[in-house]
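The form predicted alone is given below as one chain in structure tokens.
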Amino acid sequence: MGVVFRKELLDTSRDRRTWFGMVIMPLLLVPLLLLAMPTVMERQTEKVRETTARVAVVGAEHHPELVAQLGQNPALTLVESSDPEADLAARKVHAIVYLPEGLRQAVANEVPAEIRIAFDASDQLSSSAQQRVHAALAAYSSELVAGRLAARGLDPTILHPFHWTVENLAPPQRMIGFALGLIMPMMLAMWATLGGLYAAIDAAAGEKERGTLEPLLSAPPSRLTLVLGKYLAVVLTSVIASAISLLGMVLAFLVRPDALLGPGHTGTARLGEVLPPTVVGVIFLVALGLAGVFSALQLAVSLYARSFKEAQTYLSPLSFVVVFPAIFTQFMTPDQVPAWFFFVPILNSLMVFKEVLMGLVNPEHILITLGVSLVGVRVALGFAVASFQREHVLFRV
């Protein structure tokens, strides 16, 4: 088994595709996602904030004072339009304000009136314009209410019994854990399950294609020994890929930790607070369980394929098995997760990754997840061994 294991590692180390999938991709992709996404979002938000919203007013003659008030707002630019809705669709204007007939008289008579704001929710600038117009109308409405109260000898401050401030008390390490919990569970699970994909294909379908499988099967070692040697090599490759994705996360933190804190947070956090040894150990064990299950499945499916290319076709959909649950759980917090999640493969690993990255180490959830993974390894490995015992699978034409 050791000889087969070393042989497979040697073949893997010579395959550029394996190096690309095991080392280069996780090492580049993880920092890129962790650093580029917050930076791009921050720049886009800043761009929207600096852009003056172009607003068309329909029925401006119905309340000139309100139109003048909107025109004085530095965040808004009033534009004339013969066809406002067409201009909104063409993004020549960002929002449309419809003033109803008789609005000025209704305001004077203190009768409620309805003003309609139209915008394009698919356009970020238009959504921002709608919010700015809404704020401007609310400010003007407050002025009118204050004037009415003053005319009745009432202090307008009675409408504001208190003021409030908002303060974020979450420590920096929790904010970073929250940011990592949105992305890293999917990254860790993906590389744990797919990091050894090319190694698994090469260990079975690749042997078939090169014509070296028959001599290997005729050697004295048993089929079980051959499977275990190949299996351990694929598992090790997957675990290394997952570890490198974790290293990519560390590099992203070292390069720019403030990018993971979110806007408005000025605190700092040390790497040891975000990734203590306990968290790293749990991530390693859970990733090992995932790698164990999927490595056996990949090996069995690869053995069924006639060629390297056919094995790639069969195994490519495995990425969806990880991505779909990751998207489903991306915005779920640990307190929202039902207990049965931890009995479902992949879902349990994703949620344990999320928990430990957010600083929550739940021994019960970890033990259940590892137990489910052990059962999965036993079943998947049994399937792989059974495939190696079947001649019609080994020599399928």
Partner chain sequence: MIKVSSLVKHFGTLRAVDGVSFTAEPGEVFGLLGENGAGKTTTLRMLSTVLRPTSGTASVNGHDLVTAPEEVRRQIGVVSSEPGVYDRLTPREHLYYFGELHDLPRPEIARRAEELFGLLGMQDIADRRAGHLSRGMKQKVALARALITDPPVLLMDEPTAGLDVTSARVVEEFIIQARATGKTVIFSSHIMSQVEKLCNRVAVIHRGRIVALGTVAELKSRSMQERFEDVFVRLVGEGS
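Remember, it's a predicted structure, so these values are computed and weren't measured experimentally. Residue numbers count along the first chain shown, from 1.
This protein has a second form, the form predicted together with its partner chain, left out of what is shown; the following refers to that one.
A heavy atom within 4.5 Å of its partner chain in the model of the complex is found for one listed residue only; from Pro277, Pro112, Pro215, Gly153, this is Pro215. Interface residue remark: Arg17 is counted as part of the site for its partner chain in the model of the complex, having a heavy atom within 4.5 Å. When contacts are judged by a 4.5 Å heavy atom cut-off, Gly211 counts as touching its partner chain in the model of the complex. Mapping the unseen interface onto this chain, Pro220 counts among the residues with a heavy atom inside 4.5 Å of its partner chain in the model of the complex.
Its partner chain in the model of the complex comes within 4.5 Å of a heavy atom belonging to Val3.
In summary, the region of this chain contacting its partner chain in the model of the complex, judged by heavy atoms within 4.5 Å and restricted to 221-229, 69-77, 310-318, 97-105, corresponds to 221-229.
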